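There is one chain below, alone, in structure tokens, taken in the form predicted on its own.
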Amino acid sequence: MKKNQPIGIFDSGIGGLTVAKAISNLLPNESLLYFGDTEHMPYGDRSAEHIRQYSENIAEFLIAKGAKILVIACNSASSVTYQLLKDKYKGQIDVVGVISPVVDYVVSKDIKKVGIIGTKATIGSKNHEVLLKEKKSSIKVVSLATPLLAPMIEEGFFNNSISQTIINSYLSNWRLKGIQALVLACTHYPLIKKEILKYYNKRVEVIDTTEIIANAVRKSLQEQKLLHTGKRGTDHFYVSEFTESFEKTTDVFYGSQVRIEEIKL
């Protein structure tokens, strides 16, 4: 494994680009290899068996392309396949999910009651709750599936009155009453963080997972002595089904429009 090899990142679609952007901001010398499984998005509505199948195929593709680390930039996929891929590639390549680093962050804080919002698959897995309870038995965890948020964001409905109404409706749910922190357990949700902050008006810490994941990636690369400090290589972005609208939307999620290549796995 060489330092100048790219960081492999995958997601069910475009949301993982928020993680890719956070990694790029923190590690500007690292090149990225991104795969969005747009043919099968969203994973939140897929069975665990299908998510495992898709994730293993993508992981093999990224490794074949030279990835030096795998980042599962999808909460649904992390919930189902993180441990599977971690075990499968043990000793070959490290795997970073989007759940364990966030759990460690929450446990490190003085939080007695935390809320989790995400897709049906993420919330249904109860992975956040189980891991949090294992590491801090006293913490109270409440979870709420918010299935309208990701498609709403992908359709461009955020930072407006329509999105704020939907967000407020979810956040006013009785389950979230009295929380001290809210974990945004979907890589789409950083795009509506401002609206969530507006709802809580500083009463609740809103935990954006993308920066936490980027730090976890840096830590892993440092421990493996794979952190690249030389000239940045070329980034590559792949999808399983290309659409022009998707390519244009990368500007919203990544901060700049990128060229997408379609690859059928």
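None of these values were measured; they are calculated from a predicted model. Just count from 1 along the sequence shown to find any residue number.
The form predicted together with a small molecule exists for this protein as well; it is not shown, and the discussion that follows is about that form.
- Residue heavy atoms within 4.5 Å of the small molecule in the predicted bound form occur in exactly one stretch of 70 to 78, 134 to 142, 83 to 91, 166 to 174, and that stretch is 70 to 78.
- Proximity of 41, 44 and 187 to the small molecule in the predicted bound form is complete: all three residues have a non-hydrogen atom within 4.5 angstroms.
- Interface residue among 150, 192, 102, 95 relative to the small molecule in the predicted bound form, by the heavy atom within 4.5 Å criterion: 150.
- Taking non-hydrogen atoms only, residue 127 never approaches the small molecule to within 4.5 angstroms in the predicted bound form.
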